[in-house]
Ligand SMILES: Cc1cc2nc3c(=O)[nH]c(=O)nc-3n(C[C@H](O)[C@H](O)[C@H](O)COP(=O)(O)OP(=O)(O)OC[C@H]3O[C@@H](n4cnc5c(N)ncnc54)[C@H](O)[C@@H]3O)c2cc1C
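In the block that follows, a single chain appears as structure tokens, in the form predicted alone.
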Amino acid sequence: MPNNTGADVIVIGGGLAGAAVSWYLAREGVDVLLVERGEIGARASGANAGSIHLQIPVAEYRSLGRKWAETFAPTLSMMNVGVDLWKSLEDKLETPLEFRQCGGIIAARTEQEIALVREKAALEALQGIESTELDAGELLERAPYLAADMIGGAFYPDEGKANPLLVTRAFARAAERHGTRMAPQTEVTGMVRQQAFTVTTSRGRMSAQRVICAAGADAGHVAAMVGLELPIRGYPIQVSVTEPAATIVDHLVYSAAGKLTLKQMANGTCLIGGGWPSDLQADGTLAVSCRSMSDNLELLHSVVPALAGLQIVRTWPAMVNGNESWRPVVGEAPSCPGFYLCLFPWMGFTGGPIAAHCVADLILGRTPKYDVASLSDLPRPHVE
């Protein structure tokens, strides 16, 4: 990419949100330049467990408490609109994404776990989220692969899954077809806002009237370049995948006892996650935590014993962006006109497309598909 490259909009970050907002804008004729320090879709957007969530995370409800859950719960209404977007993405992007609304199941083994699931579902219902409480018979009828000692749980019909290896690349290819210019292996090292933004990168300077920060775990560093304090940072997690098997699991599966997500993909492999931490080493690189993998698999096998014989083919670490509130950071920064944030902490695979759609609407002068103004945790000016 030559020096002094210009565009209407520079998007910083080539993950799901960045690729999606580039596509939404480019198809409307906006001149977009996407800058990514690595390869497009190679970081968290391609390394997550592929879950389409539509509930308050059960492990966090347990650990962070009801007060946190009440603050987070309105985010579900935005995610609900986002799931509607997911339904049409394969047609609009003209490529398979392996998206399927298979429904989500929480399995509970104790009365205390049932009470937690019931309490959580009542908060979710206030945001329009549909779920059905299940007794032991109903749970095992719907999901006979679960452990026989489960006494109940809940079913969320609108949850599902998609293939994270396909989605971001599909958005990026569609964006390129509409004219988006891609600058992978290009690190942003500085930014100045005057009449326009001048973005200094490892491959020269670039300029634009507007900048969209979709940099995920690096978003706080990027925002600081224009004097904004963004309370968002990277969190190391890991995901495991099994060898292929005949179809066993039909749903997105959770445990009311702790951190677990499980789904079986189109090729028969099972993706196992839940947000277990990986190891962040002194040099900044990530490594698989054997303790997390062991605990994750122990919980998995207690919930779905039929998977105990499957071999784990690979476990990999990834860095996801997160904040304490778990609420999205979407919109134009009030103190920095022309600088937009497109971040959906923790649940970016589910929320990335709707966050991108809303930012594109704002830039195009349209009413956003979802009213993010009342929900978004936009950054404050940095104070020394």
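Since the structure is predicted, the reported quantities are computational estimates derived from the model, not experimental observations. Numbering starts at 1 and follows the sequence shown.
Below, we turn to the form predicted together with the named molecule, even though it does not appear here.
Contact test in the predicted complex: Met319 vs the named molecule, heavy atoms, 4.5 Å: Close contact exists here: in the predicted complex, Met319 approaches the named molecule to within 4.5 Å, heavy atoms only.
Although the named molecule is absent from this view, report whether Val35 comes within 4.5 Å of it in the predicted complex, heavy atoms only. Within the cut-off, so yes.
Would Thr186 count as a contact of the named molecule in the predicted complex, using a 4.5 angstroms cut-off between non-hydrogen atoms? Thr186: yes, in contact with the named molecule in the predicted complex.
Tell me, yes or no, whether Ala108 is in contact with the named molecule in the predicted complex, where a contact means a heavy atom of each within 4.5 Å. No, no contact at 4.5 Å.
Can you check 343-351, 24-32, 60-68, 323-331 and let me know which stretch has heavy atoms within 4.5 Å of the named molecule in the predicted complex? Among the candidates, contact is made by 343-351.
Considering Ala73, Val117, Val239, Leu230, which brings a non-hydrogen atom within 4.5 Å of the named molecule in the predicted complex? Of the listed residues, the single hit is Val239.
Quick check on this chain: which one of Asp218, Asp295, Asp250, Glu90 has a heavy atom within 4.5 Å of the named molecule in the predicted complex? Filtering the options by heavy-atom distance leaves Asp218.
At 4.5 angstroms, heavy atoms only, are Gln101, Gly104 and Gln127 all close to the named molecule in the predicted complex? Result no, not one residue of the spot touches the named molecule.
Along 8-35, which positions have a non-hydrogen atom within 4.5 Å of the named molecule in the predicted complex? Result: Ile12, Gly13, Gly14, Gly15, Leu16, Ala17, Gly18, Val35.
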